[in-house]
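So this first bit is one chain, no partners, the form predicted on its own, shown in structure tokens.
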């Protein structure tokens, strides 16, 4: 969406919200966040959404966790939100290519942001989240450091249809290209945790001498940890992950996982709610020309995992 259209879109949303005749509209306007998976990652995001709700006297905030990681399930949730006349929606898009019409329709009726996984070819106002190519490059550097003599690695992710998966893989390839680390393949699981674990088990069986396993979504690394431990491969295969699942962090402390690239899902949730409210209140000056608000990532390894776990517990206790 071009900047000159932003105020027009916000005005239309405000008019629709004021004119919506149901009991929902007679209460506070609703700001909703729609996830791309049912994972512990979003427990942290929910804390941010709820914290914003405590601060926003004029709005109600909601978190909607998909029951299955499909574009159809996201469509069902977003359709329901639009029927209710919510004022703002932030969504971590599962399948941007096949969700364009839905998202553009949502942008006509509500303030629409994306977070975590973008859909840049839509009329969303703003993406709040990680630069996933850069995060993939961080992971690529961790892989190189873990395998200084090179080797073979396998990547694991939910679906390659999501922008964040594509971009993380691209970032890793950017760093590893021309080097001595070879990516055998990228195995997907459609956010089926049992299948995710089987993918790792099958890899360890098919490639018994594999050097590295890389989890790209929050639940992938915990499945790698469990499979590596069950196979008696602790210390024999290097594990690099994404996000701050408790199993991943414990894996770092136990020496199973080398490091993980963590995002800030709390900020995804909190900033999405606060800035949608700001846009609805008539101020869109925070939106940069490129319509991207990048939240930085961090690398967590044995040197800082204990401090990070303490930070996380404090954040979730708020």
Partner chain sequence: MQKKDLGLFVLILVVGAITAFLNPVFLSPVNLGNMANLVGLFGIFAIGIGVVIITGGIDLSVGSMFALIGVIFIDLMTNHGMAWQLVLPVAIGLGICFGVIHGVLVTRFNMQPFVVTLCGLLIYRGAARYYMNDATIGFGYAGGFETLEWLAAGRSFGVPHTFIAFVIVAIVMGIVLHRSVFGRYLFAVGKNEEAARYSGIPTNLVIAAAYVISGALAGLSAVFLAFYTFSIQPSAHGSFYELYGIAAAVLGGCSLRGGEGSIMGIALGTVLLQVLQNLVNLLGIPTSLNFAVMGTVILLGVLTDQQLQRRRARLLAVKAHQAKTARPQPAGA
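Rigid core here is just the name for the largest C-alpha set that superposes within 1.5 Å across the two forms. Everything quoted here is computed from the prediction, not taken from an experiment. Numbering follows the first chain given and starts at 1.
One more form of this protein, predicted in complex with its partner chain, exists but is not displayed; see below.
Would you mind picking the one in 235, 246, 148, 179 that has a heavy atom within 4.5 Å of its partner chain in the model of the complex?
Selected option: 246.
The unique member of 283, 40, 291, 62 whose heavy atoms fall within 4.5 Å of its partner chain in the model of the complex:
If I apply the 4.5 Å criterion carefully, the residue I get is 40.
Only one of 125-133, 91-99, 161-169, 189-197 has heavy atoms within 4.5 Å of its partner chain in the model of the complex; I'd like to know which.
That would be 189-197.
Since the partner isn't included here, can you check whether its partner chain sits close to all of 80, 105 and 121 in the model of the complex (heavy atom within 4.5 Å for each)?
No: no residue has a heavy atom within 4.5 Å of the partner.
Is there a heavy atom of residue 141 no more than 4.5 Å from a heavy atom of its partner chain in the model of the complex?
Contact check for residue 141: no, nothing within 4.5 Å of its partner chain in the model of the complex.
Considering non-hydrogen atoms and a 4.5 Å limit, does its partner chain approach residue 28 in the model of the complex?
Looking in the model of the complex, residue contacts with its partner chain do not include residue 28, since no heavy atom lies within 4.5 Å.
Exercise: residue 201 in contact with its partner chain in the model of the complex, heavy atom 4.5 Å:
So residue 201 counts as contacting its partner chain.
Do residue 309 and its partner chain share at least one heavy atom pair within 4.5 Å in the model of the complex?
Taking the distances in the model of the complex, the answer for residue 309 is yes, it comes within 4.5 Å of its partner chain.
Residues of stretch 222-255 in contact with its partner chain in the model of the complex (4.5 Å, non-hydrogen atom)
Residues within 4.5 Å: 223, 226, 246, 249, 250.
Flag for residue 179, CA shift 2 Å or larger between this form and the one not shown after aligning core
No, residue 179 moves less than 2 Å.
Core-superposed comparison between this form and the one not shown, residue 231 Cα displacement 2 Å or beyond:
It does, since the residue 231 C-alpha is displaced 2 Å or more between this form and the one not shown after the core fit.
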